[in-house]
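Both blocks below hold the same protein chain, though in two forms, and each is given as structure tokens: structure 1 and structure 2.
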Structure 1
Amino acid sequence: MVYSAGMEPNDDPTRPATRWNDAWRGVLFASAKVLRTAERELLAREGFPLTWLDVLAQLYDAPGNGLRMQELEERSLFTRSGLTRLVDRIEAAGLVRRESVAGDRRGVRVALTSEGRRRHDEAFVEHFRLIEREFGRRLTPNQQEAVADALTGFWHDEATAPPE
């Protein structure tokens, strides 16, 4: 949610027409629209929102299907306090479990339960199809490659936007 204002090519000094302008608008709209659809469908099909799938998928990808809160925070776009309560809800639904960390009593390890694993697999497959349908198929192979190539920098470098 999101700046989506019009930037028509004209002479307005507050609306300069640049090359990257349309690229940015495309990125903004593509992510907003696809995510909105994905959110709606996931909620309808699985009964939980995208934020849950994000957490489940992070855990799934982690060694031993578990991560500490801190690690989860780094990998998601959440703040710590947001994550605490998000994990609360997912745990209450039985899809993850909090475990203590050997050797550090401050820490908490969040791990997928077998039910969480099952729901993840199920949800992810459908989610994947949806992204393919709503995003992938709307691009030619060349376009897919070009976009991937142009934007890899945004998820590769950690140097982007460190708070201050």
Structure 2
Amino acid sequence: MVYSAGMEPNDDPTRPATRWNDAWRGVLFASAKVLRTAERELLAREGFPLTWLDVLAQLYDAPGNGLRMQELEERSLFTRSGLTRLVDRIEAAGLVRRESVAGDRRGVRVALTSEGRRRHDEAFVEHFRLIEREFGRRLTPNQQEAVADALTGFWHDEATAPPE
């Protein structure tokens, strides 16, 4: 956008002048920057993208290390459309397996294999270090606590989110 002489970007009447918008932009820019670096390093180090790590992490965190495809789709951070093809590729690499669901002829559960668990653990250690380096180091301990407290309702059960 081009601004008139003497007009500052924050003087733009079409731009929301709210702290929540600044917070939102901070979340978006921080996520984009960190995830670009994480994707590049994960591919170079582990040979698979963040979408794979997301699937492995969702399964790792699930009871019995498995989820129905629909549950996996709901929990996935990066991929919703094309999840079946993504799981096909991860399964071909031997990191997950599909299982039938007892009592549900059409039900399919995706579960981590022992190799998938090993690769998740290996990748996640380095991924955690990268996130600390690229995100955590930019915040003071007080800022880390404030951000964590403010955003906890987005990644915990929705019942823990503060009332409107």
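Note that the structure is a prediction, hence the values are computed from the model and not measured. Reference numbering: structure 1, starting with residue 1. Basically, rigid core = biggest C-alpha set you can superpose within 1.5 Å across the two forms.
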property	result
Panel number for the form predicted alone	2
Shift of Leu77 between structure 1 and structure 2 at or above 2 Å (CA, core fit)	yes
For Ala23, CA displacement between structure 1 and structure 2 after the core is overlaid, in Å	3.0
